[in-house]
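Just one chain is shown here, as structure tokens, and it is the form predicted on its own.
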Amino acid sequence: MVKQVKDEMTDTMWGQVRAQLEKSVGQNNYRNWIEPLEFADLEGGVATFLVPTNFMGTWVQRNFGEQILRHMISAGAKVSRLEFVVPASAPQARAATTGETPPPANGNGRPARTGGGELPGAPLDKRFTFDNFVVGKPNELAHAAARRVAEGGPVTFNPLFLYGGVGLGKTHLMHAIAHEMQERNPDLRVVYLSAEQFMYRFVQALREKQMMDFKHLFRSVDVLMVDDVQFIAGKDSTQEEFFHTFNALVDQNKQIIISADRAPGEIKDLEERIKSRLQCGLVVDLHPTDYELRLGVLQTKVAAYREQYPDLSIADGVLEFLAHRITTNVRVLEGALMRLFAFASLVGGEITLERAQECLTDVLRASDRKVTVEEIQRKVAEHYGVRFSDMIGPKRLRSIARPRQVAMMLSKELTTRSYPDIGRRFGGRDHSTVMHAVKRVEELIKSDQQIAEDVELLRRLLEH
């Protein structure tokens, strides 16, 4: 009788937790990942759940574990750890050994149509579509290539390799491609997952002696998308299987889309044959954001937020200030803006420049990058292969004068120094010399592609 009462209490608690999770994780994630969980037991601080597959248990633990734990504690449960178990006698136990997993949710909230068998992928984020991807000069080529691939038709870039630093839009573009492909052709077998998940599935298949099922699943897709491929570097067995999967799909003329944090040739401990394969397609760099792109991202976010909260008021100059000061990456920028939204909803009133500075003190301090004139001089001298002493010396040879002008222009752009101050740091030159250099380089950037590329590269090196 005591156990029955206890079971009823825990069942009621889990019902409350499920209701909270449905609100916090969204309908798509709830339907695909929370609803299939079966609460089994709570003993010794360990909450045990029955899951259809090992992969699903791992995914839920990694992505929703903290939320589940938090909601359970809020509901009064004495729990410190979650455990996910695949019951040997469960009707779906076959999925645990064949490697099948719950279907990933697509952009419309319905499971992806996969034909024969479910795909071993991760769920797509419904926010990451082409419609809300802000295009600017640093990412326009990557965006155009992603659009072309998403349209389907003959495979032209195989693989499409997107690379760049954190928060520059690689994952957004990959999700957008998957959404677009599934929208155009719901029967297309599209699988998106991280390199880490590919490795996990491979190790699981090895352990459970189900390699044939693993090979069949991954080699029967129409489109394979692997995020953060740098994580398989140094993992010899995983690289071997990835290489064979890659070759099998290319031979079938199936589309492959890969992302990483650096170019294929720069990924340490990645096998040469894989580097070679990855470089066979279109390799596109997502550059660090420029001011215009950052401002565009902020304006887009504000417009979307105002649709829900029309009373939101932001003073003139705030967005421009944020776009100028927070240059690390888009995620930090969006996080700062969301903090301001939360502040405005809690406190009320207009988001002024003064309020923004107070609210984002830590973010602004972390984003400050103090570049010195000397650092610019050394970096430019190194880039052009000239001596630092010549950079500030009297020589007027073209091979020295042009790098000197570039260094002056960057000094004016990236530091707060005045023209006379910059002139003094370049061997005591007059402020008019610096002004002429800045104007000349700005003109050359528009007409000379090599100068434009040099300046952009140096700017990126100095800002990050």
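Residue positions are given as counts along the sequence shown, with the first one as 1. These numbers come from a predicted model, not from an experiment.
The protein also exists as the form predicted together with a small molecule; that form is not presented, and the subsequent description refers to it.
**Q** Between Y384, F128, F231, F341, only one gets a heavy atom within 4.5 angstroms of the small molecule in the predicted complex; which residue is that?
**A** Comparing distances to the small molecule in the predicted complex, the residue within 4.5 Å is F128.
**Q** State the residue from V284, V330, L278, A356 whose non-hydrogen atoms include one within 4.5 Å of the small molecule in the predicted complex.
**A** None of the others qualify; the residue that does is V330.
**Q** Report yes if any heavy atom of H172 sits within 4.5 Å of a heavy atom of the small molecule in the predicted complex; otherwise report no.
**A** Within the cut-off, so yes.
**Q** Taking heavy atoms and a 4.5 Å cut-off, does L168 contact the small molecule in the predicted complex?
**A** Judged by the heavy-atom cut-off of 4.5 Å, L168 is in contact with the small molecule in the predicted complex.
**Q** Closest heavy atom of L360 to the small molecule in the predicted complex, within 4.5 Å or not?
**A** Outside the cut-off, so no.
**Q** With heavy atoms only and a cut-off of 4.5 Å, decide whether V297 touches the small molecule in the predicted complex.
**A** Yes, V297 is a contact residue.
**Q** Go through 317-325, 342-350, 131-139, 214-222 and give me the stretch that gets within 4.5 Å of the small molecule in the predicted complex, heavy atoms only.
**A** Only one stretch passes the 4.5 Å heavy-atom test: 131-139.
**Q** So the Cα-Cα distance between R62 and D213 shifts by 3 Å or more in the predicted complex; is it shorter or longer than what we see here?
**A** Compared with the shown chain, R62-D213 is farther in the predicted complex.
**Q** Quick one: in the predicted complex, is the Cα gap between H172 and Q67 smaller or bigger than here? Answer closer or farther; it shifts by 3 Å or more.
**A** H172 and Q67 sit closer together in the predicted complex.
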